[in-house]
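Take a look at this single chain in structure tokens; it is the form predicted alone.
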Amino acid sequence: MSRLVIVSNRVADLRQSQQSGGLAVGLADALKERGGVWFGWSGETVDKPTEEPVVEQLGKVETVSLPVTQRDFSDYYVGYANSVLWPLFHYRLDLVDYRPAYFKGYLRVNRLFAKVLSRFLEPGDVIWAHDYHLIPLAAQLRKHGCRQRIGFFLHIPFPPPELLAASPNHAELVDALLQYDLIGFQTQTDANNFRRYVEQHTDAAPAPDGSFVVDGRSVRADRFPIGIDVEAFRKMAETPQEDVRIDTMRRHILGRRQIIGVDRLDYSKGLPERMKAFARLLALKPELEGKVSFLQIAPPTREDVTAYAQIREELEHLTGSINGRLADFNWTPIRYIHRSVPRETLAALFRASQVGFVTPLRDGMNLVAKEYVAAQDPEDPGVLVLSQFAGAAEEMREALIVNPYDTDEMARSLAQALEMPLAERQERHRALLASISRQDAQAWMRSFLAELERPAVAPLPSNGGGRVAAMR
């Protein structure tokens, strides 16, 4: 079995028994089984550039982490990755802050990563790069003579060609993606957007098997919907901590129900729209006042980016306004928590909530939707209200699917969820649980690696080799 080389923006701590999420656990388990390397940024900044990483040997796995300079952090991470690619790929052209120095820094860091990583590679390795921070990595590795199979998985959406073309570097980004052997997307929509761009804007030749021929190489792109460890999350949810148990008992005694949302504080998550929908629910159904509350947990993220400070201010204003208008001395309509909450606590909170409110404006997959379903008591399950623009909506059709831009529709769906008969709730939950159990984290990982390691069919001659620009 070939060694596996995982490359991500940050290196997971493999010494911890519980990672921050099931994805890190799944990848770590695959590495421990096959042996290999996990490479990425250490999370630290230094004064001067360095090519000397910190290397740790943990059984059959090497972790290789490299610091970057403050300038590189500003240009590569805060700048191009999170001020250009993140809003662009989430269809928010109005928030793109493009500067030429950002793209130069983005390439500079990927060039550095490729140079350092190439020293740790062996001929039979299989390399798997993750997410939008590392789009140019394969192109840079090829320059160092890397001929190993290299796969890439994009965890966020991929925009339509018409939106992607708004970026001054769109051609270089797609040319870089075409240096991978396999490109994975969360949804069929994302895969189709990529294919449309390649067909309309490049000379890559389509092959009969659905791949593209680029410089005599076969490049495949497909949908690989990511999942969670369903059983592990279910067990977590069944053992609530004392504070969650007490809060649940209190609400039960008072006859109150809870709607829950859990998201990073990000403008793509539709948090202001969600709060407005909850307020609209109370306006449409005044009899629910004092009987239902909305708990929104939104841990901080990317606070160096101006747009995030603005969304935080908006949420705090909305929370104060709605609570000030509607709260009673023993009932607070919205509870807003702006800090990280342990994963085992989240699992118990999901199980104790009658409605899961997951309404991003645009999302790659959104594993919160799957975690909410996994946490439910099958005998008395809650109801998932899910945005049509979450990647999870492609699979989870038994949820109440809503348009996150339509406040009234979301409010009506919340009312429907709260009023839904037990038999219907059980039927929907059974179908959703079966779906997320089939497409869990292990199935995602196995299917991607099997496709990456599958021998490519000899490609047809390409028309001139395709347009693949050198990324300098």
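All values reported here derive from a predicted model rather than from experimental measurement. Start at 1 with the first residue shown and count on from there.
Not pictured, yet referred to below: the form predicted together with a small molecule.
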In the predicted complex, does each of R245, P333 and L349 have a heavy atom within 4.5 Å of the small molecule? no
Sort through L112, I156, L95, I150 and report the residue having a heavy atom within 4.5 Å of the small molecule in the predicted complex. I156
Partner-contacting position among L361, L164, V262, A221 - heavy atom within 4.5 Å of the small molecule in the predicted complex: V262
Wondering, does W86 line up within 4.5 Å of the small molecule in the predicted complex on heavy atoms? yes
Using the partner position in the predicted complex, report whether P160 sits within 4.5 Å of the small molecule, counting heavy atoms only. no
According to a 4.5 angstroms non-hydrogen atom cut-off, is P272 in contact with the small molecule in the predicted complex? no
Quick one: does M365 come within 4.5 Å of the small molecule in the predicted complex, counting heavy atoms only? yes
Taking 4.5 angstroms as the heavy atom distance cut-off, pick the stretch from 103-111, 368-376, 188-196, 204-212 that is near the small molecule in the predicted complex. 368-376
